[in-house]
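Next up is one chain by itself, shown in structure tokens, the form predicted alone.
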């Protein structure tokens, strides 16, 4: 099974992944709010997060995660869309968005357009 691996150290924050994802799902429209990947930033570092499953339950985890010496609220890096972090929802309808790796077989456009090599498709 293929999955997208993220190397946070390589992300430049260009957001080409967001544009490619939205174009892949809605022909002719670049709208990062419709993307199944979002790039968050903290200071001078960027953190791509790929949309995972939706849950209507509020998360009770309040864990701090350390990535390359920087501490983050686990919520920032969580893939789930939930009432606390509703970023992965269709802007017009509110329907939850989830990464589908651009079809079957997996052909994620975010990986194709990631010039920095932060996103790679790997087989497990």
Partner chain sequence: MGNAYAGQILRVNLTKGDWKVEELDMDLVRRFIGGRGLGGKILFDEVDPNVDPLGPENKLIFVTGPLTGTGAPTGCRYMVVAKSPLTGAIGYANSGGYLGAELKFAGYDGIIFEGKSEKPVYLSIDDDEIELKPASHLWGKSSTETDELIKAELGDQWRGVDTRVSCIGPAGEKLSRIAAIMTENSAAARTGLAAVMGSKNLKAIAVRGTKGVRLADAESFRAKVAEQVDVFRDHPAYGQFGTMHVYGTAAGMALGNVAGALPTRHFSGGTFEAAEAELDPQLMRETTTVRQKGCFACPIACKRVSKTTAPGFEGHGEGPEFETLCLLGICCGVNNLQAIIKAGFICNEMGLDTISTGVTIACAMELYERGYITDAEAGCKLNFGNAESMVEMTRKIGLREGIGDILAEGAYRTAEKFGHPEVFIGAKKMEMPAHHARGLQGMGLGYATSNRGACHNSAMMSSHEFPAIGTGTVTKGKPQMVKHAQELAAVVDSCGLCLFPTGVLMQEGILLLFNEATGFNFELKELMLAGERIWNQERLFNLKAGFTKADDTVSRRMLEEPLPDGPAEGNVLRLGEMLPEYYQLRGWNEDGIPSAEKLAALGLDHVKSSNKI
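Predicted, not measured: the structure shown is a model, and the values here were computed from it. Residue numbers count along the first chain shown, from 1.
The protein also exists as the form predicted in complex with its partner chain; that form is not presented, and the subsequent description refers to it.
Heavy atoms of residue 23 reach within 4.5 Å of its partner chain in the predicted bound form, making it an interface residue.
Its partner chain in the predicted bound form comes within 4.5 Å of no heavy atom belonging to residue 56. Taking the partner from the other structure, its partner chain in the predicted bound form has a heavy atom within 4.5 Å of a heavy atom of residue 32.
Of the heavy atoms in residue 19, some are within 4.5 Å of its partner chain in the predicted bound form. Checked against its partner chain in the predicted bound form, the residues 63, 95, 67, 76 give one hit for a heavy atom within 4.5 Å, which is 76. Taking its partner chain as positioned in the predicted bound form, the residues of 85-124 that bring a heavy atom within 4.5 Å of it are, in sequence order, 85, 86, 87, 91, 109, 111, 112, 113, 114, 115, 116, 117.
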